[in-house]
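Below you will find one chain, with nothing else, as structure tokens; this is the form predicted on its own, and questions on how it binds or moves follow later.
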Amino acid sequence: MKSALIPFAALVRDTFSEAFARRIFWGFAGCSTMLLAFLVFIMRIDVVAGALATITIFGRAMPTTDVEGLVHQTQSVIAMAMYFFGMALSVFASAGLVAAVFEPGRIELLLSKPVSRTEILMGRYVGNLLVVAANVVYLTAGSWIIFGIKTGMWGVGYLLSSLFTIFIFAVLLAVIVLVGVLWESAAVAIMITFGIMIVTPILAQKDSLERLLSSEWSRDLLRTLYYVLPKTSDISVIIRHLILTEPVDSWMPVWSTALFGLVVLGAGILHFRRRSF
């Protein structure tokens, strides 16, 4: 078992090395560090007797008597920015790393090694995921510590938001892998993945959209697309509820999105195993 994991670990390490070489990892880390520096030096939160607080950004003070609400609202804004903008940057970076596997000469070299095709693809997948996860955890944990030190509040909802961000990226990365196997194109992978990211928030408004549609078949198509595709918008609502310590109405968006990711990743592995190079 241990000897079987060595080639897989080498493939994961190779992905990390390529991310370092392309400055992808350092680019993510640099953006995260700038945001942490913003929280440390530019934003100041003063707490008096655990009740009265003032948040100061760029010299402008905004007093509040709800310290906990202030912290949670600020954390939710950071989490949403990391969720959407961080996801977009991650898709751009990862599409190139996946497509690079299929470059002429490189894929033949990998296939000549004593590793299975499933290990090759999963090694690249896990490596990409860990590159992004490391930066997400760095930013989330760093900002959580900063808020905790400044306010004395250490709620776990904000920390949990990082797990959902990593989760939704893992699902989108499965799409990138499948497109990479089918077309070997980073540009096509980016377009399709971004298309999903744009369409799914629209589908999340299906109740309103159904009233605008005139035929039953179009309503059925809308419902099918909603339940089949990842629910990025609905999961962002779950993240916000967790941070604000509000109850989550339904976990269906999570498990249905996970099912989509597993099916897509499985399809990518199956096609890669059957494809000739």
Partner chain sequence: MPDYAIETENLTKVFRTRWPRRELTAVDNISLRVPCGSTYGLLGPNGAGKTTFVKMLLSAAHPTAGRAVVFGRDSRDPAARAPIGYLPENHRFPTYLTGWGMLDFYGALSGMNAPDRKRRIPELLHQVGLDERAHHLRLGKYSKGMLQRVGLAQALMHAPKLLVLDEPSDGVDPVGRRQIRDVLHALEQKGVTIFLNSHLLAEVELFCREVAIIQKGKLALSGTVLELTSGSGYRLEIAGASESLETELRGRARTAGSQNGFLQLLFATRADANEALDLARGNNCEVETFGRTRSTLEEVFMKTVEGE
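Positions refer to the first chain, counted from 1. So that the term is clear: the rigid core is the largest set of C-alpha atoms that superpose within 1.5 Å between two forms. These numbers were taken from a predicted model, which means no experiment stands behind them.
Although not depicted, the form predicted in complex with the partner chain is the subject of the following passage.
Picking from 132 to 140, 101 to 109, 188 to 196, 73 to 81 the stretch near the partner chain in the model of the complex, with a 4.5 Å limit on heavy atoms, gives 101 to 109. Heavy atoms of Arg23 never reach within 4.5 Å of the partner chain in the model of the complex, leaving it off the interface. Taking the partner from the other structure, the partner chain in the model of the complex has no heavy atom within 4.5 Å of any heavy atom of Ser256. The shortest heavy atom separation between Gln205 and the partner chain in the model of the complex exceeds 4.5 Å. At a distance threshold of 4.5 angstroms between non-hydrogen atoms, Ile269 is out of contact with the partner chain in the model of the complex.
Although the partner chain is not shown here, in the model of the complex the stretch 225 to 244 places no heavy atom of any residue within 4.5 Å of it. Arg13 is not among the residues whose C-alpha shifts by 2 Å or more between the shown form and the other one once the rigid core is aligned; its shift stays under 2 Å.
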